[in-house]
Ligand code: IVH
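Taking the form predicted on its own, here's one chain by itself in structure tokens.
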């Protein structure tokens, strides 16, 4: 019996590793998320019953159960040196000539180069011994870095066990793989939306978010950040022969780690320059940030011959793209109050065209940043999009000052409720702690009504402003006591729109528990965490009475979320609101949802959803597809059967047309899912 169990456990591990590779590396999944989760749960169950067969490379060991206390230091066997930068074609040609002089190569001969996108992320090293992932570390100072093994294990693109795909290579005794950890733009936007939902300051750019996620002491939180990796080099190795950099990349791909697909082998520096210029124009097509190109000599023997300076290898150089910037003027600085009381300074700008869009507002992050950069009302400033996504002020053009500019002083009182504001512990952020602050109430009500929460159509920011200002609503529980007579008297609220809103409010009473938990606005609890909590506690009362210890025992729930959840439900103001929600008829239990029969047109097909749909949120559309037997992909490929498009679909629509993927608008999609 025992050998059979051991064999079954190993078979499950190999099956899961295979599907990890298909999904996370090859972007070509073969099974649904539900089927994958069943495999993981079965393996977890068997390992719990037979702990003697547990191994550190098991797919169930990606996320540790306990936070770390600190990061040990790791010394790099081969230093992770920085790369010299260039900013022009002429400097690239000068690099080529310098290499030839140093290597004794005739100036007229060509050198083969490998050109790669320079991912704007965090450099790391992965150390494998006999094929097993032993440790991973950050670059640090180039000679020593932090051991972030526990956090790197949460990234499913990183193999815990090297397994050649086609048996072309034997497993080396030691193999060090180097790569760049990054956060895709869509994940960066998701994280910032969750930050905003939780009333926390947003990340400045994807690189900062990736770096911060790697340095979290709780791997469970890192796991929720959905970090990605592109491997780009082999460092130290024993037991394998390598002659070219392209050969190194082939080895890495063979062992199941992702290598960026936009790599080109160039026969000379002219080809290098043309490829760099091509991507300078195309970088906006990518779902991740790049800040240039990396140019490497292909032949490893030349790497050895050329060596390195104390700072940089001589055989590689980066070609940096110039960020798109614009000059504008700060018309005023306003303070935005989040739903949990966080005060954020925001600059209102003279509108200016930047990276294809008109920018009129820019985050100033926090008041320390305003002071550090000496940003004043009336200043002319340079703005750029952080990671080409969020507009931010880079620096002030102080030479343009004429003496009328006004310094901005951080508030000591909330601009809305006039209560004193303060910093929490070591935070740089000011916060208003008044639970009755009207500005917070407006933001909480807005959030309560959004599509991913209670989805109350017609209850937008302008109407909420009126409802709160006129005293009809003080908190979101009051929504369920609104009357038609209250609404019809308001500006831009006629009979029809008032009736529609009353109907939408009534419909929202029947949302499932996870939607309500999300809508409550608990600090650090977004839509995903709400789903986790609703799965564990099937009523709001059970969640409200849970202890911090109980909450921390749930997979994916760390001490920060547990603490803020307990504090939220212990608050007397919260308890009053929940009583009013119940009395107003709002569902506070997990609904037993009927599993839909598989739709013959959807079942077994792969879908990508992009753009803004009118009837569904993207998440709702994807959940519906899964419930009908379909599979969801994150990007368009030859394996995609359908692309569902809403407004502003972006580059995915172009890709679908290029690959002849069938495109569905929202009406086509609704018709498809209604058919059996």
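Computed from a predicted model, the values in this text were never measured in an experiment. Numbering follows the first chain given and starts at 1.
Although it is not shown, the form predicted together with this ligand is what the next lines describe.
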{"query": "Listed range touching this ligand, judged in the predicted bound form by heavy atoms within 4.5 Å, from 211-219, 433-441, 517-525, 291-299", "finding": "291-299"}
{"query": "Contact assignment for this ligand in the predicted bound form, among 150, 393, 316, 543, heavy atom within 4.5 Å", "finding": "316"}
{"query": "Single option in 467, 123, 252, 162 placed near this ligand in the predicted bound form, where near means a heavy atom within 4.5 Å", "finding": "123"}
{"query": "Contact of residue 224 with this ligand in the predicted bound form (heavy atom, 4.5 Å)", "finding": "no"}
{"query": "Any non-hydrogen atom of residue 232 within 4.5 angstroms of this ligand in the predicted bound form", "finding": "yes"}
{"query": "4.5 Å heavy atom contact, residue 306 and this ligand in the predicted bound form", "finding": "no"}
{"query": "Distance check, residue 475 to this ligand in the predicted bound form, heavy atom within 4.5 Å", "finding": "no"}
{"query": "Contact check for 329, 373 and 383 against this ligand in the predicted bound form, heavy atom at 4.5 Å", "finding": "no"}
{"query": "Residues from 97-123 in contact with this ligand (non-hydrogen atom within 4.5 Å) in the predicted bound form", "finding": "116, 117, 118, 119, 123"}
